[in-house]
Ligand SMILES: Nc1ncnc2c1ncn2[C@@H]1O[C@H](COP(=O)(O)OP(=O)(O)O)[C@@H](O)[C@H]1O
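Listed next as structure tokens is one chain, alone, in the form predicted on its own.
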Amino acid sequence: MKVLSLIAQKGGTGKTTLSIHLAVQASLHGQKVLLVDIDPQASATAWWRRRVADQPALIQSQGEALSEMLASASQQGYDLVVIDTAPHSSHESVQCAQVSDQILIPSRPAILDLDAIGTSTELVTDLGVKAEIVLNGCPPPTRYGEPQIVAEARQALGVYGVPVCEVAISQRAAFSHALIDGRAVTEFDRKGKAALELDRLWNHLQEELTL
């Protein structure tokens, strides 16, 4: 069983949306997936309650209960656990990082987000945990490739010493439409641009997690 945590000390990075979509993506690829919501806002839980499909499974938890919860998940035969963490909680972020095989740190390509990511990158660097930054909520690519603001963000993030994922996720209306009734973009519009980006991100993570 592998554990993937999404950590961001700054709110508004799209962490919950990415958590939901990666959990669904893994399920669609035949993995038995548990989505763990430890964010007090419980947005992932609200989405899951609107969902018709029975995968991924979801539970709410707290950082102190993670070890026991993961042991139970392993006994139940889960292949992947995706943890949606709370923003502004360094203590719980540390607890999640310590039990994770891989961490994603989402960040929007805006200067305030890039400035704020230092706390999260320091956390994973200090713990020596495998991690990547994923640019999220980006302007969509043009016919010439990534927009300049995305390329500049990649360059700026180089100072933190944490790899930046080769796949950036664009801001697209399909994300909002899909979440309304408990779906993900790969279920809402399987051949849409948002779904294709999620495919690319999941394929990349499969290699990193060796699933």
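Worth saying up front: this structure is predicted, and the values here are computed from it rather than measured. In this text, residue numbers run from 1 along the sequence as written.
Another form, the form predicted in complex with the ligand, is not on view; read the next lines as being about it.
For the options Arg172, Arg51, Lys32, His29, the one in contact with the ligand in the predicted bound form, meaning a heavy atom within 4.5 Å, is Arg172. Among heavy atoms of Gly192, none comes within 4.5 Å of the ligand in the predicted bound form. The ligand is not drawn, but in the predicted bound form it has no heavy atom within 4.5 Å of Gln155. Proximity of Pro109 to the ligand in the predicted bound form: non-hydrogen atoms within 4.5 Å are absent; the residue sits far from the partner. For Ser67, no non-hydrogen atom is located within 4.5 Å of the ligand in the predicted bound form, even though that partner is not displayed.
Listed stretches are 113-121, 72-80, 90-98, 134-142; the contact stretch with the ligand in the predicted bound form is 134-142, by a heavy atom cutoff of 4.5 Å. Taking the ligand as positioned in the predicted bound form, the residues of 13-34 that bring a heavy atom within 4.5 Å of it are, in sequence order, Thr13, Gly14, Lys15, Thr16, Thr17.
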